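Here's a solo chain for you in structure tokens, the form predicted alone.
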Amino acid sequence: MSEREPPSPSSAARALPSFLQTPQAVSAHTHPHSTTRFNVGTCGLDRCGLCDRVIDVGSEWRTFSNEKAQKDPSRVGDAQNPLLNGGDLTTMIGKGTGSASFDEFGNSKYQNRRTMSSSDRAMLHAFKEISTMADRINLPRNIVDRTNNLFKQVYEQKSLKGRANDAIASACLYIACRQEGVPRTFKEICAVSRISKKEIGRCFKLILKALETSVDLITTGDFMSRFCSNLGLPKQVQMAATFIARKAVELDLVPGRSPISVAAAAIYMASQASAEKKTQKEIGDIAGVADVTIRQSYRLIYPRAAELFPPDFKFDTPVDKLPQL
């Protein structure tokens, strides 16, 4: 008996359905007539039976609507934290709630072993404190990340031994804000932390020396838009205050004065010349400076007030009618 000859390629092609007779390789994943069945792990074509294996990337557990407020059990483990030394590879056992979690004496059957080092625990506590402080003053994530990196460098160098970690974290947050171009005052950082302004200032100088880094000098323009926005002043007053502060610095009218006090005095002068007048106390509460500080800076720039306003400023109160403090 003669052996049966295999079908020729042309006859095999004629045996396939017309929608499969293509020169390219056929894949069930990309074909428009495919059906995916995650319960059996296959993706097949309905008309010819071509089948590919698939992996279900969905949740391992079902999440019901009444459990949305609780933790989602579809994934376990925290996100990777490259700042910790292996802290992302540890497993923390949660507190048991059922009777099977306790022995006959009432002790927990499953307890965490102290696998996290003391340095990682200290850094983790500092990272939580930094995140809390940043949330209170609405700082973005990139500043939090920079602050965490600064704290890790200082902590690993052990150059600030004897200083509280909370004080170091507050100083790192102040440095990160200045390096990212959104500086905050010491009083603003002090208001969201439990550390005194003097201690934050000391740690700030020690960190700059230890890390051999520097920060840009703050100017009046760094705070002007935020202060005016918090005071509810219009754009015209903000631009006038910025112009006044910059002109006063260029004419050397406020030698030795901090940019914050100069900005506060410029805002006071611009607001008094406009229809949106603000008191010294209102400006001082936002800028974090005392009323007497605003008055001292204002007295230095008042004699040359006519030269400080921009040419296109619309006066509601003339320059000669501005208050003389």
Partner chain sequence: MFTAGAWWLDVTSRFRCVCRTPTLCWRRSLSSKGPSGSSPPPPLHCAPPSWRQSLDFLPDELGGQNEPGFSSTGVLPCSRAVPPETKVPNDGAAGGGSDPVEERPAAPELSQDSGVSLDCSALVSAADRPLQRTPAAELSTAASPFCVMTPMTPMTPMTPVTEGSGIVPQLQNIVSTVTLGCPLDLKFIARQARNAEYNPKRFAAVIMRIREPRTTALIFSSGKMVCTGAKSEEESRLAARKYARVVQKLGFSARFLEFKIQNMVASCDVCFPIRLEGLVLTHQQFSSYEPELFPGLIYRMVKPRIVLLIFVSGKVVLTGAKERAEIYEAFENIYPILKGFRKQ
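Numbering follows the first chain given and starts at 1. These numbers were taken from a predicted model, which means no experiment stands behind them.
What comes next is about the form predicted together with its partner chain, which is not displayed.
Within this chain, residue 296 is remote from the site of its partner chain in the predicted bound form, having no heavy atom within 4.5 Å. Interface membership of residue 205, defined by any non-hydrogen atom within 4.5 Å of its partner chain in the predicted bound form, is confirmed. When its partner chain is considered in the predicted bound form, residue 102 lies well away from it, no heavy atom lying within 4.5 Å.
In the predicted bound form, residue 238 stays away from its partner chain, with no heavy atom inside 4.5 Å.
Contact annotation: its partner chain lies within 4.5 Å of heavy atoms from the stretch 251 to 259 in the predicted bound form, the single such stretch among 139 to 147, 156 to 164, 251 to 259, 123 to 131.
Of the residues 226, 152, 197, 247, just one reaches its partner chain in the predicted bound form with a heavy atom at 4.5 Å or closer; this is 197. Site annotation in the predicted bound form: the residue of 210, 182, 192, 218 reaching within 4.5 Å of its partner chain with a heavy atom is 218.
Contacts between stretch 149 to 176 and its partner chain, counted in the predicted bound form as any heavy atom lying within 4.5 Å, involve 174 alone.
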